[in-house]
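Here you get one chain, nothing else, as structure tokens; it is the form predicted on its own.
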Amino acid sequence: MRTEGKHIIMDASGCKPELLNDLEYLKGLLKEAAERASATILNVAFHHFTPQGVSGVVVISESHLSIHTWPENGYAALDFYTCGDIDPAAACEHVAEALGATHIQTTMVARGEELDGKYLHRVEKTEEKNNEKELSLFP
């Protein structure tokens, strides 16, 4: 069935706290992730919270990549939503590795499936990986 987009929701645990609190690093990382997914970057907006944590979004012509971090917990919540022929898995894998995540959970959702004039989403798969040496999200 045809869908309008692919949405990967990723929770990354065991990340390096200093990276999760570095606004410029995270901004560059999400821009790199968009480029690895062959996406076209349109706009970038990030905010550093006091005393810690960063939220940001990279708007791409194919949709968006976003992150929200909790350095004190070594945790990052991410969304990779793309339309068209872009595959968000490349972006996910790059970010998980760059943050030093030791455990990730991903859920892939097919967005915009048309059924009787309504557009719906469908969970395609949920995976967990707990491997400090190699993170392969989508074999």
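For every residue, the number given is its place in the sequence shown, counted from 1. Note that the structure is predicted; figures quoted are calculated from it, not measured.
Keep in mind the form predicted in complex with another copy of the chain is missing from the figure; the text below concerns it.
Against another copy of the chain in the model of the complex, the set Leu42, His47 and Ser55 is in full contact: each member has a heavy atom within 4.5 Å.
In the model of the complex, another copy of the chain sits within 4.5 Å of a heavy atom of Thr107. Within 4.5 Å of any heavy atom of another copy of the chain in the model of the complex lies no heavy atom of Glu93. In the model of the complex, another copy of the chain lies farther than 4.5 Å from every heavy atom of Glu32. Although the partner is absent here, Ala37 sits far enough away that none of its heavy atoms falls within 4.5 Å of another copy of the chain in the model of the complex. Residues of 74-90 lying near another copy of the chain in the model of the complex, listed in sequence order, are Tyr75, Ala77, Leu78, Asp79, Tyr81, Cys83, the criterion being any heavy atom within 4.5 Å.
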